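Single chain ahead, written as structure tokens, the form predicted alone.
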Amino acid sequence: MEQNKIPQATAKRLPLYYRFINNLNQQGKKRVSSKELSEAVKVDSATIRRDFSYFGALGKKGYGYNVEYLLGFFKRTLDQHEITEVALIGVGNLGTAFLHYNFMKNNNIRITIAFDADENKVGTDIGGVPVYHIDELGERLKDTEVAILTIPADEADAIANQLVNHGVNGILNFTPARITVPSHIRVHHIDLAIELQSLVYFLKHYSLQ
């Protein structure tokens, strides 16, 4: 099945499944049931079976899923054989944390370049990633198609436009701003303050017991 026919909600869960299956494989486990998957990734069994059904018969009734087979399938589906180079824009506290972390558990994703306007950070190397001045964006970005924004909200739109003009097709936006980009550019917004407020609200009004 073509990737664009898979529901977006399913597509967003695939990396979660991949991480768990990869861990099982490293532990030497040969098979896993949808119930075990459900308990590990906190997604109900029916949803997992429905997600997997979009890709054909990945398991057998009464047997479960072959871990090695699933791992190979998800590697191909998520293009784990390809390295995706990511640019980080904004080397403040959050940006610096990203550079030190650098997606160590995701073998195919790497922040390879960073930009900032702070002269004290420009020219430094953080977590093995060189930091350049934001004015060098067009010169240094080259073939990078994905960027992370960790900059002040009032700068987000202008920087996003520069990124788009230099070939970036996907932006992970950690600013509170809802940036405006052409319709062919994919943007995922992550507002930590909103997520925290939402968590507090659910704690107060929706009991899990």
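Keep in mind it's a predicted model, so treat the numbers as computed, not measured. Just count from 1 along the sequence shown to find any residue number.
Same protein, other form: the form predicted together with a further copy of the same chain, not shown, and the subject of what follows.
Chemist: Is Phe174 close enough to touch a further copy of the same chain in the predicted bound form, meaning at least one heavy atom pair within 4.5 Å?
Modeler: Taking the distances in the predicted bound form, the answer for Phe174 is yes, it comes within 4.5 Å of a further copy of the same chain.
Chemist: Evaluate Gly170 for contact with a further copy of the same chain in the predicted bound form, applying a 4.5 angstroms cut-off between non-hydrogen atoms, and reply yes or no.
Modeler: Although a further copy of the same chain is absent here, Gly170 would touch it in the predicted bound form, with heavy atoms inside 4.5 Å.
Chemist: Using the partner position in the predicted bound form, report whether Asn165 sits within 4.5 Å of a further copy of the same chain, counting heavy atoms only.
Modeler: Residue-level check for Asn165: no, no contact with a further copy of the same chain.
Chemist: Even though the partner isn't displayed, in the predicted bound form is Glu155 close enough to a further copy of the same chain, meaning a heavy atom within 4.5 Å?
Modeler: Looking in the predicted bound form, residue contacts with a further copy of the same chain do not include Glu155, since no heavy atom lies within 4.5 Å.
Chemist: Please name which of the stretches 63-71, 44-52, 24-32, 145-153 has residues with heavy atoms lying within 4.5 Å of a further copy of the same chain in the predicted bound form.
Modeler: Of the options, only 145-153 has residues within 4.5 Å of the partner.
Chemist: Within 194-208, which residues have a heavy atom closer than or equal to 4.5 Å from a further copy of the same chain in the predicted bound form?
Modeler: Read in sequence order, the residues that approach a further copy of the same chain (within 4.5 Å, in the predicted bound form) are Ile194, Glu195, Leu196, Gln197, Ser198, Leu199, Val200, Tyr201, Phe202, Leu203, Lys204, His205, Tyr206, Leu208.
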